[in-house]
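One chain comes next, on its own, written as structure tokens: the form predicted alone.
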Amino acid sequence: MSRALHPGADAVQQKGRLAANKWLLARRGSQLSILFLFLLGPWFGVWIVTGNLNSSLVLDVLPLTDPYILLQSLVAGHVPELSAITGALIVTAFYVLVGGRVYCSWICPVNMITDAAQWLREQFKISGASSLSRKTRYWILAFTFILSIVTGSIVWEIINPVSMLHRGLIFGMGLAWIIVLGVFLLDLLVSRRAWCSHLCPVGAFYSLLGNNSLIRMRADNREACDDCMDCFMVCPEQQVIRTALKAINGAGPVITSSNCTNCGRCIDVCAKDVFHFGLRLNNKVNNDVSDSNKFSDKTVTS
């Protein structure tokens, strides 16, 4: 089985390398394209998009505002412009529909850095000594709002790796190198997916925003699962899979957890085509799937 080699080996053999990585390649294309659009203006003088992922204007017409930043601004006592509020409503509507953690897997450029760290962990079989709680990111999220209230400023932006990377690519990395390198080393040496899955308050915020999103990952063909564990190995949020895949407590086939990033890697690596993108509707219970599987309760920690 592929678990003796590497996750997705069977899928590559059956579907071909391109098909077994199509959603990964689509995500990289999305992340790089969005980043390039922001850099076109400063680098080449072509201003299709102005601003950054916090607040931008597309073609001088469409405002887009990060609702997390807007809320921090509000609690800090700032009065936002109407365009900022409009942009936040547009972004909020989008993520409520497609899932908040889509930001993490399809847009955030830091995700490419953390994915690289995870790939190196696997190649060199690095096992970090620290185990972080996934609840930590929600405490950090709450703390960013408290600091904004106390200081009257958006404190998070001082150390936000996404903003630091963006500014560094335009003005020269400087301190940004230290922040980005710190995130990379954290994921590489300290704990698996430490930043995105355990610490980042942006991911925590968007998981809450997309809690009831319509577009979800589905395991409608879960009866075909052969317990190869490939989906579990590649999933950045491993705790979200088991309930839907193994019908725990009679659960339907939809992965309803708001922490699922809709990255599509489970689709890529599954040789049995268990997973696909779909809607959270029609989440019927299938009692034919038993709970006798290798995703034991001890498999997912923190």
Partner chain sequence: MNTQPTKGKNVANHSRRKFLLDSARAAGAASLVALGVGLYSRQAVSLPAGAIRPPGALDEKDFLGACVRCGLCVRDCPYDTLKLAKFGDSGGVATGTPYFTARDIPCEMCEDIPCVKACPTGALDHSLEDIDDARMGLAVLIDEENCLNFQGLRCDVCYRVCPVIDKAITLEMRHNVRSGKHALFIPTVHSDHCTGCGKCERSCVLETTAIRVMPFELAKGELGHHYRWGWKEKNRAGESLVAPDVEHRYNLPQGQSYDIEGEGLIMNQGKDPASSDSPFSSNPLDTLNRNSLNDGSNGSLSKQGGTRK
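Model, not experiment: these values are computed from the prediction. Positions refer to the first chain, counted from 1.
What comes next is about the form predicted together with the partner chain, which is not displayed.
When you look in the predicted bound form, the only residue of 274, 240, 70, 251 with a non-hydrogen atom within 4.5 Å of the partner chain is 70.
Comment: the partner chain is not present in this chain, but in the predicted bound form one of 123, 212, 133, 127 has a heavy atom within 4.5 Å of it, namely 133. Using a 4.5 Å cutoff between non-hydrogen atoms, residue 205 does not count as a contact of the partner chain in the predicted bound form. Although the partner is absent here, residue 153 sits close enough that one of its heavy atoms falls within 4.5 Å of the partner chain in the predicted bound form. None of the heavy atoms of residue 34 is located within 4.5 Å of the partner chain in the predicted bound form. When the partner chain is considered in the predicted bound form, residue 109 lies well away from it, no heavy atom lying within 4.5 Å. Heavy atoms within 4.5 Å of the partner chain in the predicted bound form belong, among the stretches 172 to 180, 185 to 193, 93 to 101, 112 to 120, to residues of 172 to 180. Although the partner is absent from the chain shown here, 55, 84 and 157 each have a heavy atom within 4.5 Å of the partner chain in the predicted bound form. Contact annotation for 32 to 52: residues with any non-hydrogen atom within 4.5 angstroms of the partner chain in the predicted bound form are 42, 47, 50, 51, 52, listed in sequence order.
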